[in-house]
Every structure is written in structure tokens, then in C-alpha cells.
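Next up: just one chain, as C-alpha cells, the form predicted alone.
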């Protein structure tokens, strides 16, 4: 057996996305794959060599900046939401020299790493009855040592959107940077009919995390961190005397250009109308799932805002385990007990039909 045949056999053991309703990633768009292959071997960690790739990154930053209501945004394409969140808080800490950050209880687990790596206290604000961060509690946790407050635009568990506009007002009042983790929602909310402010159009927003390898259908890895003010980028810089650039502000040194190329290709190929069509398709399938599962008595934890939906369900973990045994992948949440589904572009009518049929069988057994 050749090594390629061996690899094909190993890859075949992975569960295909067509059986996955738990992940916020999906099959890359076909133009993303083609663009990715053109940029294999590129390294944005040494931009003086890969000058064309660096120019492409600048174009992509401009496109994403416009989507986020600020075409002059500063930033770069990184490995994903975790790195982006680390860099946002690291920059704020380096500028304000404080010792704590205030986040919602619903924030991504990457903030656990942030506390550990950066040595800042992570203060968690409670949620309201709709699972959005409680503004009054956020304000009570802020003090003279707070370097940033954080809001989530598309929480990992429920897809809920924090009141970013109110957080923005608080950030302006307290003169503290507001970081918005829109790793998932950042390429959904701009293309929805329902308008939910979350980005740089709000004065208090200082930085935004956005992941093109999620709803942007770029190849992995392709995350992004964006800042309103260049001073945040400058706060991250270190000297790199032996490279073609004198200074570097990224977290990782080696940085593939494939994520840049694939993200750029998708956004240019689809345009705003194409992205809107993809988004609307995912929201439509989400509504179908709600309708189908309500017929067997499952209620949603919250009415879905984006393409994430959770259904209150006893024995949720047992249901997840039985589905996994049948090679269907979902996830669960604990407060409240519920099954969680993410409806990505690979979840088409056939996937919805097959999954709901299987879920109904499993619920009867469990």
C-alpha cells in the first residue's frame, strides 16, 4: 500500500460534515479550495518574500473592514477565534496596563486560555433570562484595573447576541475598550434581513474577532482580528531583525497565506448577494428543524436568532451518544439541559430529512 492510499484510508474514518450538526465549520467552497492550492507554501510570517500574498491580505482586510462598517480597520488573518481573542485582550492589556477583563458567562472557552497566558483575572458577568449578558452586572465588575469588556455576537452554545449597543455605551462612558467576539456571527449578521448592530458602527467597539473559515467557507485555518485604532496593533509589535520585516505584531510567526487566499476568493466570488443567499438558506433550514422537532414536543431554549438552535431535552447526553453511535454528531448544553444543532451550509434538505428521522427514532429509544 502506498502512503497516499494509507492516508486515504485514514481520512475515510473521519465523519463527513454531511453527518455533523455540531460544528461551526463546513466544507470549504470550491473556489476556496482552488485558491488554497495556489498559495500552498506561502508564509505571511516573512512578508518581504511573499509580497503578493501580503498585498492580498491587505485587500481582504479592506473587504472585511467594509463588512464590519469600517474600511480602515487594522488587523490580520490568523489561525482562528482563540488567537484573535488572545490578541485583542493582549493589546488592550498592553495599553491600559490593567489586571482584569470582564466577559459574559456565555463567552467562549478561549478566555480560559487568555487568563492563563496573559495573567489577567477573567471576571464573568451573569446572563439575563434571555441568556444575554446583564449590563448592570458588567458595570459592577468593572474597576480601575479593567483592560477590556467583551460581548459575544453569536454565542457558541445558543447563538445569542449580547446587547452590543449597550456595552458600547458603557465602554465609551468608562473609557474602556469593548472587544466583540463575532467569530461565528461576524459573517452571518451583516447578511441577515434583521438588523442587529454589533460592529464598528458602534463607537465603543475597539476590536472584533471574525472567522472566515466558519460561515465564510474558507479553508482552515482562516480567522481574523480587527482593530479600530492602529495603536492596538502597535501594542502587539516586537522586533524581528532577521526577517524581511523589522517588526511583527502577529501571535504566530509562521502564518500560511492559504487562509487569506481562500477567504478572499469566496467573498469576491459570492459577493454580498451570494453571502446573503447562503445565510438565508441556513436560516431557512434552521426554521425547518424547529418546525419538525416541535411536532414531537421539543421546545427551543430561545427562538433562534442565527443558525444555531437548542432544544430542551431530557437525557440530552444519552441522545447525543446514541446518535454518535449511528455516526451523527450533535452537541449538548447543560444549563438548561438541551441538544444543540448548528445549521451550516452543508446541512441541506436531505441532511435535515435524514437527521430528523434518525433523531425521532433515538428519542423513542432513549
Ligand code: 0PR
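Residue numbers count along the first chain shown, from 1. Everything numeric in this text was worked out from a predicted model, so none of it was measured.
The discussion below concerns the form predicted together with the named molecule, not included here.
For the chain shown alone, residue 85 is a contact residue for the named molecule in the predicted bound form, at least one non-hydrogen atom being within 4.5 angstroms. Shown alone here, residue 156 lies within 4.5 Å of the named molecule in the predicted bound form, counting heavy atoms only. Although the partner is absent here, residue 132 sits far enough away that none of its heavy atoms falls within 4.5 Å of the named molecule in the predicted bound form. With a 4.5 Å cutoff on heavy atoms, residue 320 does not count as touching the named molecule in the predicted bound form; it lies far away. Heavy atoms within 4.5 Å of the named molecule in the predicted bound form belong, among the stretches 91-99, 177-185, 276-284, 245-253, to residues of 177-185. Residues of 209-236 lying near the named molecule in the predicted bound form, listed in sequence order, are 211, 213, 214, the criterion being any heavy atom within 4.5 Å.
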